[in-house]
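Below, in structure tokens: the form predicted on its own, a single chain.
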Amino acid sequence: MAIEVRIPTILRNLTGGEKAVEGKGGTLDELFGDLDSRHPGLRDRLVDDKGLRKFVNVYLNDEDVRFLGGLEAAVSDGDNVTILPAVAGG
């Protein structure tokens, strides 16, 4: 069993149009590294040298990962990760 990662429309060009992809890893950082090995450029769109980019929201089983340890948040087989771009405007 793998970890399902839901991809927002704006990043689907990196996943061949797939709405969801599967990956593996023990932490969110390892998961993003695994995904980047098959979908080059994905990790760079989500992470910078300070951690998760400010305009990206990531949820692990419906919990904001910023409250679960950020990139060090533990992930397990069967988990669901949702990537959402931040929305701003008025």
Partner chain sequence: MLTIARALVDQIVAHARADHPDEACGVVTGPAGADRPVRFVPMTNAERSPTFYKFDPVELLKLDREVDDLDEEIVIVYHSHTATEAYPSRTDVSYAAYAPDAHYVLVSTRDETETEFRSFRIVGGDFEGGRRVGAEVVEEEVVVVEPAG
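Numbering follows the first chain given and starts at 1. Quick caveat: nothing in here was measured; it's all calculated off a predicted structure.
Heads up, the form predicted in complex with the partner chain isn't pictured, but that's what we're talking about next.
Participant: Is every one of Leu31, Leu68 and Leu71 in contact with the partner chain in the predicted bound form, taking contact as a heavy atom within 4.5 Å?
Facilitator: Judged in the predicted bound form, none of Leu31, Leu68 and Leu71 sits within 4.5 Å of the partner chain.
Participant: Flag Leu84 as yes or no: does it have a non-hydrogen atom within 4.5 angstroms of any non-hydrogen atom of the partner chain in the predicted bound form?
Facilitator: Taking the distances in the predicted bound form, the answer for Leu84 is yes, it comes within 4.5 Å of the partner chain.
Participant: Is Leu11 a contact residue for the partner chain in the predicted bound form, using a 4.5 Å heavy atom cut-off?
Facilitator: Close contact exists here: in the predicted bound form, Leu11 approaches the partner chain to within 4.5 Å, heavy atoms only.
Participant: Is His39 close to the partner chain in the predicted bound form, meaning a heavy atom pair under 4.5 Å apart or at it?
Facilitator: Outside the cut-off, so no.
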